[in-house]
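Alright, two takes on the same chain below, each alone as structure tokens: structure 1 and structure 2.
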Structure 1
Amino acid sequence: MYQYLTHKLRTCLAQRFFSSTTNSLINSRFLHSSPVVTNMSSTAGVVIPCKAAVAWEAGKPLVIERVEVAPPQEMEVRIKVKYTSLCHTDLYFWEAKGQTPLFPRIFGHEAAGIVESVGEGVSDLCVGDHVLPVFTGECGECAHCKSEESNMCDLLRIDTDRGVMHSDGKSRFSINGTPINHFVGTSTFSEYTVIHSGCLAKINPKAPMDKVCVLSCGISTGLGATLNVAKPKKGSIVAVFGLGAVGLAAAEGARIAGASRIIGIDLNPNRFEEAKKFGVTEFLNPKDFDVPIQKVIADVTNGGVDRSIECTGNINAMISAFECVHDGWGVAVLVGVPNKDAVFMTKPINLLNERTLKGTFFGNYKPRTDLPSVVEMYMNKQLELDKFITHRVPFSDINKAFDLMLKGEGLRCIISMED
């Protein structure tokens, strides 16, 4: 093991030496002619012009633009994005209806890519590594990173209103000198992007990137919300609110945990057919009842479910998800991202009656420490990903992925950067 690690370190150092030597050659050539981007390592240290899908205004189609991507600074890594997908969180901040508007911006946070170059101080990633970016990071030093319980890193936790990098408060993207904002530190709707090294999980290079990219947000979030946070016991009754990719990954977690009944709740009846493939045993549409859905759930479960996981982002669904758990032991977990001004209201007696309310980002997984093993769950066939991938589009058609999600069609749409 020790020999393997020292060999790995030497390989990494050799690669980096090669990349910085080539870089000085490139820089001197750069002075006399236009830059030629030949391969990944030869571009280290220079600005890379490439295509990115830029959101200029809230709710308006993204525009594929030529952007310039600056080299990574201290503790940063520049990656070549291979595949990315659309998560509902991108859509909320693009619509900016219940969120702070910040434009122009490059969205995207669910992706897989390859390290192109690394900035000063990065010692655990090298050129060519396969990585999954994560919207919340792991610095490894703070109290949260050192705690076994938390993944809310002090330095790199999700900050949806930040459009710049931590090291110098600047963007690495520009168009003719105009900076373009980053999104949640990842901005994967670009052929190249710069990410803090603490927000990149190094994964098995044999893992197919066009599939495991969905583990970089939605699927790990739903799975972890059930397995790490709700922790249903074998034989439990579990309710899942919202049967998109995140909710169905939560249902998958309930199935893996041995739940006896999995009740799926959604306003879109088209979701129910798809959800059958994920082990959801019963379906309820709140629109079909004239009493609150928590009352219906209590009636069909003899007082409430053991665990519920909310994956909608809707405040009323969040309240129902809490109020439908059984008194005495029920646990509800909030996963959906609410409107920034939403307020959660329930009678305190619901808590006094020994119900527990929790919330989680990224299913409580520590991105760098835990995500590689979630990828291995897929590689070992313990976790299926194909059934989450319902559509594929080339990068030039990225707006189709938005249309599908707006219409509530399909689960994840993989956007291929090279087609």
Structure 2
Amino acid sequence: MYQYLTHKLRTCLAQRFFSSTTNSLINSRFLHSSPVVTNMSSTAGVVIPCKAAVAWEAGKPLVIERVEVAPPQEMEVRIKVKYTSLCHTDLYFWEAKGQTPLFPRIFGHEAAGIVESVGEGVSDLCVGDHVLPVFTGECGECAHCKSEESNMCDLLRIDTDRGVMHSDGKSRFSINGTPINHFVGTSTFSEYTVIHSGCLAKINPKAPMDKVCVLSCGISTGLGATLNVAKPKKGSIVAVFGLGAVGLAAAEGARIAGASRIIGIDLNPNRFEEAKKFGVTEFLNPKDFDVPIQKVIADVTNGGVDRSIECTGNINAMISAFECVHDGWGVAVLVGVPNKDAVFMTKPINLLNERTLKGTFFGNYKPRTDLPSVVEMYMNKQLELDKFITHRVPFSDINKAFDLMLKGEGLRCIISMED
């Protein structure tokens, strides 16, 4: 183990000081800003006892427990989680409504942390690196990873039913010898967690982790749906269906792209004032009209919007999002996840009249390749993240974050692991 760690340290030092390509130079600048050897390195190779919020039953409050976190195995990394936030996906699987229950489990997948140690075969991450864990990954070897058009890695694609690691089918968490299930390969509601290296994006160490942690899931999904998939031109008219965190991130993308009008569609009129902060210029509530909302949108936009992004997962909203785009050039992007048995129905003429329907997964971002540049968008003040963060709680009050989301209050609640 000592020889292996010595080899890893030498490799990291070489990466830091002898990079030759442009990307390597950028990474070297990031790495040089953070220490190569930290006081965490002394824990490499040993089990770490720490606090974690464990869900023992569906819908029951999480319990702060003392868990043991095993060392990382081949192609794995153990990180110290600094900040995490609650995403609706955590809530959905915690409630276990319509899902196969898998308990006990450690939830959490939006976070930022620092590499504590690395397993065998990991060559692109070192102790002290700042990282964002991601629920999906990038192995770099499969057809999807090698394609410029896809981010749906064959090996590391999200698997909500998996409660163990890829390498050996075992959990890295335990309490008194009893294994505790992982969640989407991240489990960030723990002071330490083990993650496949392909699901970690190395970021600028100067980026505030209590802000950029929200880029691990929902915000990047909505932002990328607009910038990477819908791709509105400057001056475009964009419609966003659903003004939750993902929808507002889609609106933020439209704002960044220079849209002239951003129309927000939501059943909750209380969301419009908040949506203005994200560039939304108009608000339509389908309950206020006796005709389908797509007809209303077509009437107020002289034939339809240039781009639409659907962020609710409601099948009727999906149909409306597609049918409200302008013929000839309109593009609709589906982001929300519907019931697996839902059926999308529209008249074929809508497609023949040159409307385009697209779907997206994680905003078409490749986690390791693309997320560092999204962090730089924030650092360069192009992307505004602060307005997504509406609450903060210490780790000991993590259940308050669940209460806030259940009540529909706020967008993102940041949970500080050290408070």
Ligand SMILES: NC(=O)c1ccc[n+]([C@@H]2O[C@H](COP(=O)([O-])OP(=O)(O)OC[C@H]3O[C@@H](n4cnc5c(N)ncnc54)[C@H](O)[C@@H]3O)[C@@H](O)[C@H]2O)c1
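Throughout, rigid core stands for the largest set of C-alpha atoms superposing within 1.5 Å between the two forms. From a predicted model like this one, the values you see are computed outputs, not experimental measurements. Numbers follow structure 1, counted from its first residue as 1.
A.B. asks: Where's the form predicted on its own, in 1 or in 2?
C.D. replies: Form predicted on its own: structure 2.
A.B. asks: Look at G359 and decide if its Cα position differs by 2 Å or more between the two structures after superposing on the rigid core.
C.D. replies: True for G359: a C-alpha shift of 2 Å or more.
A.B. asks: On a core-based superposition, does N350 travel 2 Å or more at its Cα between the two structures?
C.D. replies: Comparing the forms between the two structures, which are aligned on their rigid core, N350 does shift its C-alpha by 2 Å or more.
A.B. asks: With both forms fit on the core, has G328 moved 2 Å or more by CA between the two structures?
C.D. replies: Comparing the forms between the two structures, which are aligned on their rigid core, G328 does shift its C-alpha by 2 Å or more.
A.B. asks: With both forms put on the same core, how far apart in Å are the CA positions of I297 between the two structures?
C.D. replies: Spelling it out: core superposed, C-alpha of I297 shifted, distance 3.7 Å.
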